[in-house]
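The chain that follows stands alone, in the form predicted alone, written as structure tokens.
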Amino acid sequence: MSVLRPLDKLPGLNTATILLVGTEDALLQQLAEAMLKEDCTSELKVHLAKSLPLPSNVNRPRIDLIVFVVNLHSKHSLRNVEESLHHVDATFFLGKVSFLATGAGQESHCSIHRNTVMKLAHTYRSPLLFCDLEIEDFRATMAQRLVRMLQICAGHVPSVSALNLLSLLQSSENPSLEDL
């Protein structure tokens, strides 16, 4: 079984790479395009994958941030993310993994309850972001936020590490276990 590790590759000079994992091809592609439009001091690379493990490709760059995208309208999307998580080394969860739930704006159509995704993020001690990627303004805002997170995870923001980011995001966004 191929496990994705954060230190499998050396970092590229002034390069930041994000991996978006999810079953929603069109939405992930639109998010990737929005991210590439953002002003970034680093060379930004966005890779998309339906699931993990990734093919063992020697030319694959080092991945600085993994974002697991769960569509709240699709149980298949949640199952896919849960299965993909088994292919990620535990050290990635030290600030280099985030969950993104999309489709929460149309709660009546959701087949996955928000609490399910919140518990998943809590289990993996990773931040959870909510965004309706179908709405262009929200997608642009999320792209901007992910680019900033990526720059931090890649080590391109002085005096801020991925662990700092993790503690900031968890204290401001993730509920405590008692709230679940």
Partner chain sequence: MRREPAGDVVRAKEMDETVSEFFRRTILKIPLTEMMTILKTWNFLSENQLQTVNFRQRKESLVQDLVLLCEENRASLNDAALLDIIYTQFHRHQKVWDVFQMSKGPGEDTDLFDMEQFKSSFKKILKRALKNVTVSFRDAEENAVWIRIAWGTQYRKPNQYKPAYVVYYSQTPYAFTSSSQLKSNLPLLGQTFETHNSTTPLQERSLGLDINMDSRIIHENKTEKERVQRVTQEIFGDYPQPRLEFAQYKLETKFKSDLNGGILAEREEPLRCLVKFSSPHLLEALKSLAPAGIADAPLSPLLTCIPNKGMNYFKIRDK
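Values in this document were obtained by computation on a predicted structure and should not be read as measured data. Residue numbers count along the first chain shown, from 1.
Not on display, but discussed next: the form predicted together with the partner chain.
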Candidate stretches 136-144, 109-117, 123-131, 32-40 - the one whose heavy atoms come within 4.5 Å of the partner chain in the predicted bound form: 32-40
Any non-hydrogen atom of H47 within 4.5 angstroms of the partner chain in the predicted bound form: yes
4.5 angstroms heavy atom contact with the partner chain in the predicted bound form for R148: no
Partner contact for H86 in the predicted bound form: the partner chain, 4.5 angstroms, heavy atom: no
Close approach of R60 to the partner chain in the predicted bound form, 4.5 Å, heavy atom: yes
